[in-house]
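In the block that follows, a single chain appears as structure tokens, in the form predicted on its own.
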Amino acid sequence: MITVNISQWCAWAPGLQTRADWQAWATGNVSASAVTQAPDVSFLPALQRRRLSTLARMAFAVGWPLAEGLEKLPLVFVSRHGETPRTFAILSELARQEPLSPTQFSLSVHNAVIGLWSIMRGETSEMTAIAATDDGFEHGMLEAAGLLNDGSPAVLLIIAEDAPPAAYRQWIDDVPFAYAVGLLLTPGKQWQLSSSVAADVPAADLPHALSWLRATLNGQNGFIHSGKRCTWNWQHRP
């Protein structure tokens, strides 16, 4: 069991940028836009923005405001599918026997986002990139809690998934829309997370990070996420 405080959160999806947008989404009054959009990262110089994929832009859009004014802030980045669109583009070029871009390849690896974050913020704290299955959100929480236990005053947790290329949608069915959720975690007992052997619990109808956000915005103090190997029990202490 771990306990943490979630002092701030920030989220982005097409058509869902403000807290009012997300509150309306949580109550079922609005949905994410079907129109492809890119998050606003105008706080970065144009030369730096050009290197960012949609996934990286989403991660920066939710993480940058939370990190404002903080130094030596460890980062845990979670994405099950990572830079799938960029990788698919590289594979398509390979299939057409076209020359490959070393820059595109270097930015397609799973830890590219945290590398760019480190460079653009001048951040040298510990950073981790995690790829897990449906419960990557909880594994990210465990990693962040470990960093807090080691003495970090705060940890930034970012969960992000881009919409998959059309060719992959037969197999990638856990990304209802492109989204990113950022959490600023600090030591405390506001949230309690425990796990047990996988039980016969219906799977969440949303990715776990979005399910947590919906439950939080709707004032739920307890809920369960079922993973393939274990069941995660969330409890909130107001």
Partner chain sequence: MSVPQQELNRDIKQLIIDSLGLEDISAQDIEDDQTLFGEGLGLDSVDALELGLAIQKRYGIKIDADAKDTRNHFTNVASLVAFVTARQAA
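Only a predicted model underlies this, so the values are computations on that prediction, with no experimental measurement involved. Positions refer to the first chain, counted from 1.
Form predicted together with the partner chain: not shown, discussed below.
If we define contact as a non-hydrogen atom of the residue within 4.5 angstroms of the partner, is residue 99 a contact of the partner chain in the model of the complex?
Yes, residue 99 is a contact residue.
Would you check, heavy atoms only and a 4.5 Å threshold, whether residue 51 touches the partner chain in the model of the complex?
Within the cut-off, so yes.
Hey, in the model of the complex, is residue 197 touching the partner chain, heavy atoms inside 4.5 Å?
So residue 197 does not count as contacting the partner chain.
At the 4.5 Å heavy atom threshold, is residue 92 in contact with the partner chain in the model of the complex?
Answer no; every heavy atom of residue 92 is more than 4.5 Å from the partner chain in the model of the complex.
Which one, 100-108, 140-148, 159-167, 126-134, holds residues whose non-hydrogen atoms are within 4.5 Å of the partner chain in the model of the complex?
Residues of 100-108 come within 4.5 Å of the partner.
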